[in-house]
Structure formats: structure tokens, C-alpha cells
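First structure 1, then structure 2: two forms of the same chain, each alone, as C-alpha cells.
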Structure 1
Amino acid sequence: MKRLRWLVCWFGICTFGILLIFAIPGLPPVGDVSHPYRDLAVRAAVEHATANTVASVNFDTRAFDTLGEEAIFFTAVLGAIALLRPARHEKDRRLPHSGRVLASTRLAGYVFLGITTVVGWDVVAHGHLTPGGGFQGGIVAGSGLHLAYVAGNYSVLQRIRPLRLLEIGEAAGVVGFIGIGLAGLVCAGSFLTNFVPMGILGGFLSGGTVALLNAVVGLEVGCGVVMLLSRFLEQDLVMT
């Protein structure tokens, strides 16, 4: 059986390799200047005063599939929480506990906790201007919160992490995205249309709904990451 498995596997790998080798000459040459999508995307970004073209692609021209991606993240968190629930034979869970922490570690942790949170939300807030955005900033801000656990102990983290509120925040991020989409439908006739005033290219208040959608995605991702990690941190089970 084992030999057959490898035979089947190697047949697959070899044919797949041959397939790719023959496909590659069909691709446009490296460094080709003609790139129709780039030209269209940059024009669209400038039209809507969005300095970060990537953000314009993600939250304006292709905002609908970003909704799908946000939904994937939302579902992954939801699914992980549902699957990591305490099973019937798991009576209680031991919370993580910290050992001794050096004073310098503690100081660094708390300093960086503040800095990381600010940086995270800064990345979210400037998503329409500079590289970054809701997904990236949300991850930074959400995971940065766990410096409280590294520097202090688990009860500190628990105090700055109101899970019920975060659950609502996560859901609000999804509902907010859809709400902005619906507002576009009502005001401009098409779901997720960038309908608010665009402002001036490069200004903080520019890009229309791109900035708003970045903010709601940041909220969803930031809250979701904390929810997700909370379940993994509390997986130290006591079997009874």
C-alpha cells in the first residue's frame, strides 16, 4: 500500500511539473510594460482620490470580494470558537498562569503594548493613504494586546479584553461593511458604491468609503484576533 501511495504521488508530481514547464513559455515576459489591469486600477484610484491604489482595489473596485474575505476571517474565528468549546467531559479549564517576570520585561511589555496598539490603529486609519489597512492594522492591534499577558499575567489580559464586547465588535465589523454597501445601494444605485464625497487625493479625509470600510474591517479583524487567541490560550484542559 505504501509503495502504491508513493507511486501515485510521484506520478502526480511529475505530470504536474511537466504541465507547468510547458505552460510557462505562454506567460508574458518578465518586466513587460503592457499591463492593462494596472493602468485601469491606477486610473480608478486617482478618480476616487485614493492615494493607496491597493486599498482602492480592495475596498472600492473589488470591495465585494473583500466582503467575502472578511466573511472568511469571521467564519474562521466563529468556527474555531465553536470547535474549541469545552466538550461535555471537560468540566473546567485551567487558565494560563505566568511565572516570574523580570521587571525590565514588564516595563518593555507595557510600553510596547501602548505603542503597538497606537501603531495598529494608525495603520487602519491610514489604510487609504499608505500601505496597510484594516486587515493588517487589525492584526497588529489585536495581537499587540497580548503583550499584557507576556509582561504581566493572564488576569491583566482578561481585564483589558472584554470578550463579550469584542464579540459584538467583531459582528459589528461585518454588519458595518454590509451597511456601508447598502447605503451605496440606496444612495448611488449599486451595492458597495463609493458614494461619499471623495476629498482631495492624499488628504486624510479622502477616498470616500475606502477609509470607512478599512475602519470596519479593522474593527472586525482586531476583535476577531483577540477572540481567537483567547480560545487557544484557554485550551489547557483539565480532564475529569
Structure 2
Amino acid sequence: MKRLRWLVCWFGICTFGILLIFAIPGLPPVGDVSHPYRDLAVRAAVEHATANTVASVNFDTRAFDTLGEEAIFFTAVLGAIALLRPARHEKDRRLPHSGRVLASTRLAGYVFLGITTVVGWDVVAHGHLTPGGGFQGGIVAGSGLHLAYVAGNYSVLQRIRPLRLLEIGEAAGVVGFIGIGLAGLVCAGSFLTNFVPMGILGGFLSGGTVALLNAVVGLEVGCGVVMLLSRFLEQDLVMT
């Protein structure tokens, strides 16, 4: 069995190496001004009224690839939560006494908790217009919630994070992405086709389905980050 694995490994390496050797001569020279992919991506973004070309590529030109990335994130969070679930020999213990937090640190933490949350969802909402999007904004919003732990203690964080709703939100983000794709299949004949009215370039209601996909990805990523960190903190602070 070990020998078979090595054979498969070397077969893959050799095949990839041969293809790479044939592909390298076809690469454009360094400093070449011809960038066909860039030109096509910018043109597609303008045609679909998406001011952020990167978002246009992620959620329009190659939206199917982004669905795979979202599925990878969802599976990774699910796997980590399953691995970190309490074992039979583990049990809850009393939370350790939290250390003293400076009043200035506590104030800054609680103030920036609200600011970070708003900024995170603003990045999601404007992902089709400015740099950012669902992945980036979801990370900011999800991780920013944990300023309650940094500025206060674990009990405060426990009170303000509705884990059950976050589980539903994470699943809803994945289902929403697939649902938008199926809507494109029904309405336009192709999965994840941008079928929503495009609006005016630079306007908030523009980009068609790009803004919608940004929103569901932000929901899934934001909820997933909180769920993942909840398991790590539980293992570190609560379980024994």
C-alpha cells in the first residue's frame, strides 16, 4: 500500500512537471504590456456595473469557484467544531477568575466593538463598490465581536453571542449562495448567471447578483468565525 501511494505521488509530480515544461515557453515575457485576462475582467465588470473589479471576478466571472471556496470554509469550520467537541472524559469547570482590566482598555474595547461590527458589515455591503467584500467583512465583523472578551471577560462574550442563531446564519449563507445560483439557472439558463438588474456603475444598487452574493458570503463567514472561536475558547477556558 505504501509503495502504491509513492507511485501515485511520483506519477502526479512527473505529470505536473511535464505539463509545466510545455507551458513555460508560452508565458508572456516579463514586463509585457499585454494582459488579456485583466482587460477581459475590467470589461466584464464595467458591463455589469460592478465598480470593484475584484468583486466582479469573484462573484460574477468566476462565481462557481467562489462557491467552492465558501464550501471549503464551511467544511473547515464544521470539521474543527466536530474535532473540538467535548470528549466523554471532559466536563465543565468553573471559569477562572479574570484578571484586572484597565478602565481605559475596557472603554476602548466596548467602543471599538460597535465600531468594528459596523465597519465589518459596511465592508460587506459595499463590497461591489470598494475594496473588500463578504470574506473580508465577515472576518472583521466576526472577530470584532471578541473585543467583548478582550475588554471584559468570557462571561460577557457568552451573553452577547447567540450561538444557535449563528449556526443557522452560517448554514443560511451557504444555502443562500446556492439558491442565488439556482435562481440564475431558472431565470437565465445558467447556474450563477448574473440575472438581477445591474443598476448604474458606482451606485449602491448596482452589480446585480454580486452584491447579493457578497451579503450571503459575509453572513456565512462572520457566523463561522464566531462559531470556530467559540469552540477554541470553550476548550481553553471551560473544559477540563
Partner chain sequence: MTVRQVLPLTVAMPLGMAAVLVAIGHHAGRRMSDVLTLLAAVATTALGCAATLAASHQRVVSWLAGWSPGHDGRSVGLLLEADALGAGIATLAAALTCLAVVYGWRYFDEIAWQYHALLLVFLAGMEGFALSGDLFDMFVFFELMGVAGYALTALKIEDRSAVQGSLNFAVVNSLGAYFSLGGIALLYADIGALQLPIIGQELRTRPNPTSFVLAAFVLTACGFLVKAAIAPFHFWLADAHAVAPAPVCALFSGVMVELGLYGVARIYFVIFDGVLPGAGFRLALTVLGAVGAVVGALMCWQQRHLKRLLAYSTIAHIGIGALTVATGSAAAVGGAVLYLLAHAVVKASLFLMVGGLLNRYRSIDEIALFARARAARPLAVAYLCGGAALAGLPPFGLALGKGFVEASLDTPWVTLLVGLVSVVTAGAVLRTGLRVFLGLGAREPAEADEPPAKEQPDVQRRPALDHIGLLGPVAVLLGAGLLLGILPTWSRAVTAAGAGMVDGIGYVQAALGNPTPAPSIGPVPIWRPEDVIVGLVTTAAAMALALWGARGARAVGPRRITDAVAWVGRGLRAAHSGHLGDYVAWLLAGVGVLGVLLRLG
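Superpose the two forms; the largest set of C-alphas matching within 1.5 Å is the rigid core. Please note that residue numbering is based on structure 1, beginning with 1 at the start of its sequence. None of the values given here were measured: they were computed from a predicted structure.
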- line: In this pair the form predicted alone turns out to be structure 2
task: Given that two rigid parts of the chain turn against each other between the two structures, choose the hinge position from 189, 30, 82, 197.
output: 30
- prompt: Smaller rigid part versus larger: rotation angle between the two structures, in whole degrees?
  reply: 45
message: When the rigid core is overlaid, by how much has the CA of residue 10 moved between the two structures, in Å to one decimal?
response: 17.1
